[in-house]
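Starting off, we have a lone chain in the form predicted on its own, written out as structure tokens.
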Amino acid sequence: MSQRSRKTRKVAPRIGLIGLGAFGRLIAAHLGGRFALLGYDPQVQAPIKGVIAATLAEAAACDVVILAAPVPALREICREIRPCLRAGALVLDVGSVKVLPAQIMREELPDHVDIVGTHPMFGPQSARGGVKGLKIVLCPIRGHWTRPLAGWLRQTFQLDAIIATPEQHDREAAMVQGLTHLIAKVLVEMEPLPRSMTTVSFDLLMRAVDMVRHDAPEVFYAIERMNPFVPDVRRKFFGLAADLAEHLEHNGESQSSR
């Protein structure tokens, strides 16, 4: 290889992955063979394929830093990694809500790093057959990396990359995720539920429940308590359900009195 070609050859960025829970491992499964992936998680001791075990400082000093930690822990992590982040680095989060993480990262991360909020609209269960065609939302927070990153995700993984503000994301997610996880939580509490003498629509409903039933408790907490638009959606849902229940009970009384 000539000296000129060595100079012009692009060097793949090093990626620091902070958090190796269920979603961190899903990220590792897709990125570990493509990049030098340095992973940090004090709760994980066993080696993970494609991940180079690293300290928090080493992971935070990479070109790209992915924060795959629960939203309640995000502010503390940002404060811990702040001195280690190099100028020009790109920092991403993968939280289920976006308004609060965007605010935290703006406040806690230094001005010399770019920030993109991301939310893969899938998890380990729904991505079992691959991520092609699944959706990911990218929220520009600081810097110019949102559109190039969206293009790379579309080209490399065939993901449906959607660009939105944190507020737009949380408004939509309040209905999309807030109701899904809420209904699933109620149905799980009603178990055992029928599994043999069922309809197609009920089977589809149970498939939706099974996709989220094993999510970590902090995921449910983030979706239901940390999205500022969820309380209104929840109140409307329960209000309409109560109105319907009352209508059915009163209609039953009127029918029986005939």
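If you're wondering where the values come from, they're calculated on a predicted model, not measured in any experiment. Position 1 is the first residue in the sequence shown; the rest follow in order.
The protein also exists as the form predicted in complex with another copy of the chain; that form is not presented, and the subsequent description refers to it.
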Worksheet item: Can you pick the stretch from 219-227, 59-67, 29-37, 45-53 whose heavy atoms fall within 4.5 Å of another copy of the chain in the predicted complex?
Response: 219-227
Fill in: Partner-contacting position among V99, V137, L153, L90 - heavy atom within 4.5 Å of another copy of the chain in the predicted complex
V137
Fill in: Proximity to another copy of the chain in the predicted complex, single hit among L179, L149, I104, C84 (heavy atom within 4.5 Å)
L179
Item to complete: Examine D114 and determine whether its closest non-hydrogen atom to another copy of the chain in the predicted complex is within 4.5 angstroms.
Response: no
Worksheet item: With the cut-off set at 4.5 Å between non-hydrogen atoms, does K185 touch another copy of the chain in the predicted complex?
Response: yes
Discussion item. At 4.5 Å between heavy atoms, is H214 in contact with another copy of the chain in the predicted complex?
Written reply: no
Worksheet item: Taking heavy atoms and a 4.5 Å cut-off, does E172 contact another copy of the chain in the predicted complex?
Response: yes
Worksheet item: Along 59-84, which positions have a non-hydrogen atom within 4.5 Å of another copy of the chain in the predicted complex?
Response: P70, P72, A73
